[in-house]
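Two versions of one and the same chain are coming, encoded as structure tokens; call them structure 1 and structure 2.
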Structure 1
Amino acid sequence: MTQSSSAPRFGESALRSRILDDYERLGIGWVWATDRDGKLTFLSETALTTLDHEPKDVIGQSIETIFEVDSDNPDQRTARPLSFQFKSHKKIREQVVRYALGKPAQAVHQTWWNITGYPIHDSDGNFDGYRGSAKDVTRAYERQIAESRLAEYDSLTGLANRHSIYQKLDGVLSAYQASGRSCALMMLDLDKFKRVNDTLGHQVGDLLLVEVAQRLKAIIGDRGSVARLGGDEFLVMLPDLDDRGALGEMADKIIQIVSQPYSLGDKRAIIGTSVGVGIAPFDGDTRDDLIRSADLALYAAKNGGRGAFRFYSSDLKDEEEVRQMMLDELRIALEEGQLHLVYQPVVSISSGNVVCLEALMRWTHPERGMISPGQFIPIAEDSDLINNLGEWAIRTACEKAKEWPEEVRIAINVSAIQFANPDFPTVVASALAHSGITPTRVELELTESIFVGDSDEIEQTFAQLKGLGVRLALDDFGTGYSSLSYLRSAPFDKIKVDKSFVDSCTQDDKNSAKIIAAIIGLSNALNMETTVEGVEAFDQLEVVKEKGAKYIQGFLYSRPLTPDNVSEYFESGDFAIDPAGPDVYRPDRRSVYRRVGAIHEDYYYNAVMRDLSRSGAGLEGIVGLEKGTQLVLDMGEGQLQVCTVMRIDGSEFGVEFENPLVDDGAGGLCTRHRVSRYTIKAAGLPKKPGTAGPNEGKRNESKPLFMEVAAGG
């Protein structure tokens, strides 16, 4: 009988066995097998040796407890778990798996195999297990993981990079669109980071960025994602968050924590940050639109004085263009005399006499009128123009103060950029000589930010200034985080208690009054003078007097005065000021003039808002209202606020809000939540004056209950 051609010839079985042994011994690959229950029945001996396991440790174990798919690898995130693959009885094609038996996923050293498996069936067609091959791909796979990580993460800070966060944002916005879910985006960059790089070097700058990244991750936690876009720009993505109260609190916390001083080796640095916030779908429902909104809000926050947050609103313009235009116009303003100084008195509580005048810069634009220094000073600080502005201010203040009584000092604010200029002591000396003013009458007000940079140069500048005979004051004391070390080493003559403590000093749930007392006590112990800033009401005055304050600056005594006003006072022979103002400080009450809508049932009425607080508003323009009437105020951009009429005086009326407003980051107030245009339409609310329900045009057939009247301007 002739042997079948398909049967193995003599010696072929031995050859196969030898080839298989060589295949395993040389590490080309290994062989494995399971039974129909998925338990390992065979694994090459060389594989067991490599894994440092005895056969009894492995054989009989479920295959899915021995291997697992790496779901953290972006290339394998779509791979199904091994348990699913084995139960499907389908072929397994070159699946990279982690050897998991006795090896936690957090272990430093891992073993990665590439496995292929084929389902085997018995003569009746029943599944009988897998037969497969495997090979060690640890080195190549770890290299792939590293390369993948580089593609997704910033190599310096370990945060997500621009590419990966943009992909993630696209996915979130796309998934959330249909359901109307929200997603907040915070854009931030670091104030004064360039100065750290310039004065301390790029290596210290890199260490600072790493520290900032760690602080941001600690603040955000698992509530969102943090990314570094490049340079000193960071992005925070917060899915399912549209509460502007919570977002404002988080932005404030970011600003406070990021602004704490940094110890970087033997160097110290102080920076700040500003935050812009955009919220989908209100401020954009695509990645580009939302990023643009948050970016515009960021520039608005920086232009508003830095160290602040800002929500996006539709009236924001391209701030980059605005900044450049303002810088160009500021140069012209300095040349053409549009800038001037006003002077706010510092008063002795005991006598009411003025002991000092703080010079404050103002800019009257020929077309836009008064522009706040909080807008133009930061722009000047980003260019060399701040040195020119500072020199002009010192010269002008000294010349004017020379005309005033000898016992009254003049205080002048000095930018940290200006202080760091090596020529600054020369500028001060020149102003003293040119004006002829007594040096001890000149007080230079500095903030903690001057301490960024070379400590030897800072000490040298201090020595030169004290050598000229001028006084030095530490402004905004208590808002920083390491002021005591500065007081120990720097020759200050005066400490100024920041207004933020005074604002809340009458509130029992705050520690502000105790902090004021501690600062005054510290100042007395160091033989320094103390001025308390921002006193606006008699209840605040009583608190700071009780805590030991001797000198006060604030609206309760005087707003900033023109030079002519000051001269008139002095020419009268006496410059004593009696306090005059409200008995109680009310930070909430803000005068506004703003057109709003008032919705009652299905009618939209026009009204004018006259004043606004967190809890209510004063309005004008509707007649016929009764106390207790419920309205929905349309404050614009999806801000709908349920309120109740509490007082009526003709066409004027006051309302109380159902939910209090929150800070908008720009000195104003806003609703916590907004209502999208889709929700407004679905609810059938009128969307503009002259409409009822969702339809544009005429009102419905029923008559309005109230009457609109023209509000006075």
Structure 2
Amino acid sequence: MTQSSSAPRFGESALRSRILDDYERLGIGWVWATDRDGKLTFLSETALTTLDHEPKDVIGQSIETIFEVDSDNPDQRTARPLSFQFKSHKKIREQVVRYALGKPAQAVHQTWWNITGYPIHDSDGNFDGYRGSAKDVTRAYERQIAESRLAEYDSLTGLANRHSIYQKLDGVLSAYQASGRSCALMMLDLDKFKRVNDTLGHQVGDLLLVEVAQRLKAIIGDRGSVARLGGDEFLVMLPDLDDRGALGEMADKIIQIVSQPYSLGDKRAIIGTSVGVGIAPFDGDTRDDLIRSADLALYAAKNGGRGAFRFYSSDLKDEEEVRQMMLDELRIALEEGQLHLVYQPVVSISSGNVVCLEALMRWTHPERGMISPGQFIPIAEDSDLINNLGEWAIRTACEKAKEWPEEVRIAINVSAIQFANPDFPTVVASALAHSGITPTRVELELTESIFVGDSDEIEQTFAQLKGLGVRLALDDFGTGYSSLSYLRSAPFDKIKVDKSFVDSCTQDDKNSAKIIAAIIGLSNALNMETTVEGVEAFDQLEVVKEKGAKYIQGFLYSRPLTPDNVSEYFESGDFAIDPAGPDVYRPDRRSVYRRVGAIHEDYYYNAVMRDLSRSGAGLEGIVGLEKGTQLVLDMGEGQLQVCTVMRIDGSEFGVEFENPLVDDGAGGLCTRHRVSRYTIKAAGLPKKPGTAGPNEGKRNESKPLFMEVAAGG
């Protein structure tokens, strides 16, 4: 193949060119040559025919513009740039190159050649161009790329896979440990994904996962890395982020965006997601510990009910045990009659009359007392037990309704799992038949989460229920997936506006009031009734009335009543309820009972926290404070909060926080940032009042200024 300096004899030359022809024709390889300036002077004809270009457009081009090394491939990247290799006039060995003429590197279809070349020299020893061979290796090379990507990426979604994100996390955590930098981890798991897979098929399920991956990537951007761990589990790594306010907002955004409907081919699907958050170094500073924390937080978030996020906290560890125990006890509770229903009136604003009673489940536990449905319904929903509880509720409520006036309806909550059970319409029919009450008196309260899965089946269930004559209400409207399109297609008689809008309608957030007005307007247009839930104060009543509300369910009119209370009320003959309650709604003052610490100068005092809001807290247990005293509250788990005493009443006092608290995802509040135990240790813990510190007597000691007193229970 290389040039021979002595002129070949005629026969030999013909033979050579025939061998060369065969070599090319058999596809073993092609030959090429350049001149001393690196311009292509020759390429086998069979090679030219595989290219998209005319020979005249290829021959004469500089070899560096025709070929390019693969800069995306780490194995190839280490190779010297092609131009460098050519210019050095060295031998080129088995170099994989991209045929780059007129083709951007991002193009889907690429041609890959493996080239080898030798420099040749004229009789004076001057460089006179290259002679080389080449072959097409596109297939093999693309397979190799795919395999190496496979090791790093999830083949379905293209996100990083478990292996690679774990490696990355190891790297970040070990690099950050020394410098005390933080790194947040979000563990995600899709709610109801299994149902999509089961009802719409795995292919649709796959499409859904791809779409979820895209949405996550769009939200996170370059703030962190998104990975798919497998199944419907995703992980987000966010280096240098420990602000729980920002993390909570991001988690909320993820939940909202992942919960938007998906259109997958001709199918529609809706899922939700739960998010668990762990933050290094506070919740773990090794990969395993941090992942375990985020996992536990995720688990807690899922157990808390629909789409929610949760931060890790050390008391989550026991949650699973408690849950399992509760589920066992709940079975017994149903058998042994520990469950009962209370009824909350829905009142017509204009007349004050009760138009409907919503049945709400209560569990009186023999030892632990009252357990709220918010705690036990989600547990029952994780097992078949919800079907039994639901059936019991429908039968019991219908039976009770028989004793009450015909014009008063009875509303019963139906879990999405019950609704999806094919026996559900039969259960309703049977309860109606047994009690003999008029079907139109029964209102089933459904939430948007029923719209998951096969729309034909959903439609069929709707038709069966409407066939029985019962009314249907869409509960908690505005909190879930909020697609108005359901309202048009589904046969609802009523919408219940969620309490969260009412909570904020008198606050700065004027948006809520507008949303309430819009929902009422919409349901009027669709000939539906609206009930506004959770009205607690007169200022809220005024706003919702002005926005067109006609029916109210809220503490301002009545809390849930026992059936005996309800009967008494109807027997009294006076059907009107007068609203009674505070003039102004006080949003985020929560009653708590929590032991906390208060640090002042060198001393650490114990106190009890009585109420907590974003901006401050009410405490008890320290005397001698003055207005304006600055304290550092230790709320546990590294949550230190600088605050100022604003009011004092004996051992009770109120403080205002320097930095407001943020939502913890579980209905509570937490500090934005935490102080790690290392920092606390390094700073040295202050002394308990009355105890001798390590330096006692060595220097002129201050005395504790205040006194701890035991706070009453």
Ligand code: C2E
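Superpose the two forms; the largest set of C-alphas matching within 1.5 Å is the rigid core. Remember, predicted model here, so these are calculated numbers, not experimental data. FYI, numbering is relative to structure 1, first residue = 1.
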#### Entry: Form predicted together with this ligand, given as structure number
2
### Query
Comparing between structures 1 and 2 on the rigid core, is the C-alpha shift at Gly205 2 Å or larger?
no
### Message
Could you check, with the core superposed, whether the Cα atom of Ile332 shifts 2 Å or more between structures 1 and 2?
### Response
yes
### Query
Taking the rigid core as reference, does Ile257 move its C-alpha 2 Å or further between structures 1 and 2?
no
### Task
State the core-superposed CA shift for Glu381 between structures 1 and 2, in Å to one decimal.
2.9
### Message
Looking at Val96, what is the CA displacement between structures 1 and 2 after core superposition, in angstrom?
### Response
7.5
